[in-house]
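Next up: just one chain, as structure tokens, the form predicted on its own.
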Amino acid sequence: MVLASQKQKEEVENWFSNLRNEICMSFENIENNQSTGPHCDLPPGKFELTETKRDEGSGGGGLMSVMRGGRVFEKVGVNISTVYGKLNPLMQKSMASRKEMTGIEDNPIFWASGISLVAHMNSPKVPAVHMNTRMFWTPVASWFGGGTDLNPMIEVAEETKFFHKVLKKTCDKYNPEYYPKYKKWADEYFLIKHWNETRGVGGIFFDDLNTGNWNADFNFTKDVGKAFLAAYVPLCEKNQANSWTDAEREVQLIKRGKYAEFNLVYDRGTHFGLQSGHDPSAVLMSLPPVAKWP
């Protein structure tokens, strides 16, 4: 088990900040470039920035970037955070299943940095999407994790294939076993168990990544963030000007309800954020602006 140094932690934090800037700029460009189709008469959406803090005061915080009511994006959040402090008993218990955490009770401190993104779109023709990457550090173990998954309201097979093709190409650069392993992990993780259905068409999900080569693991994590833009932005550009029906909007709102159920009941990031005392407005950014439960 290779533990990250302070210098490496700073590299990670800076990368997530730079990735946030790149994503926000890309999404605002999408807003600015929509000149036809539904909502083109609206002013282009802009991200509003809010600093966030943990309720423990000195335990770090982050930056919440949210765009609402745009031409293309009904609600999208791109959050970064770096938090640290002592693992409270609830957090220690939730990590007890990790064999590499043996002995953490003797010095239960942690440091974590990451980026988290969820986009809910005006159009049922443009898929919703999620992406997050992160690094977690303790005195006994540190690792990378994250992934991205596509959540179409109306699935188009060729778009699903394109999204996965970009992710596979990224994974194959590092290890031919990554894509099948992390795709399977995503399929299992993003399962709404009480409905026994997936919340979308999958993607990749990885956790506990520490191969012993810190630079390779960090580079892979960075490339997952880059691949997200390469896989998702073309789907927005392809579909953003298409019209939709009331029936298609109804399907979208019902699927959003199930998306919210997953994030509140099963999502690890939601649980960790609330357990660690981070700003609940940032933690619950992933919830859709409007949803239905029939």
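Residue numbers here begin at 1 and follow the sequence given. Because the structure is a prediction, the values reported are computed rather than measured.
Here the subject shifts to the form predicted together with another copy of the chain, a form of this protein not shown in this document.
Only one of 148-156, 209-217, 163-171, 191-199 lies within 4.5 Å of another copy of the chain in the model of the complex by heavy atoms, and it is 191-199.
By the criterion of a heavy atom within 4.5 Å, Leu287 is counted among the residues contacting another copy of the chain in the model of the complex. Although the partner is absent here, Asn18 is not a contact residue: none of its heavy atoms lies within 4.5 angstroms of another copy of the chain in the model of the complex. Looking at Glu261, you'd find a heavy atom of it within 4.5 angstroms of another copy of the chain in the model of the complex.
Using a 4.5 angstroms threshold between heavy atoms, Ala4 stays clear of another copy of the chain in the model of the complex. Here is the short version: of Arg134, Lys183, Lys75, Lys222, the single residue with a heavy atom within 4.5 Å of another copy of the chain in the model of the complex is Lys75. Checked against another copy of the chain in the model of the complex, the residues Lys226, Lys238, Arg268, Arg68 give one hit for a heavy atom within 4.5 Å, which is Arg68.
For the stretch 276-294, the set of residues having any non-hydrogen atom within 4.5 angstroms of another copy of the chain in the model of the complex comprises Pro280, Ser281, Leu284, Leu287, Pro288, Pro289, Val290, Ala291, Lys292, Trp293, Pro294, in sequence order.
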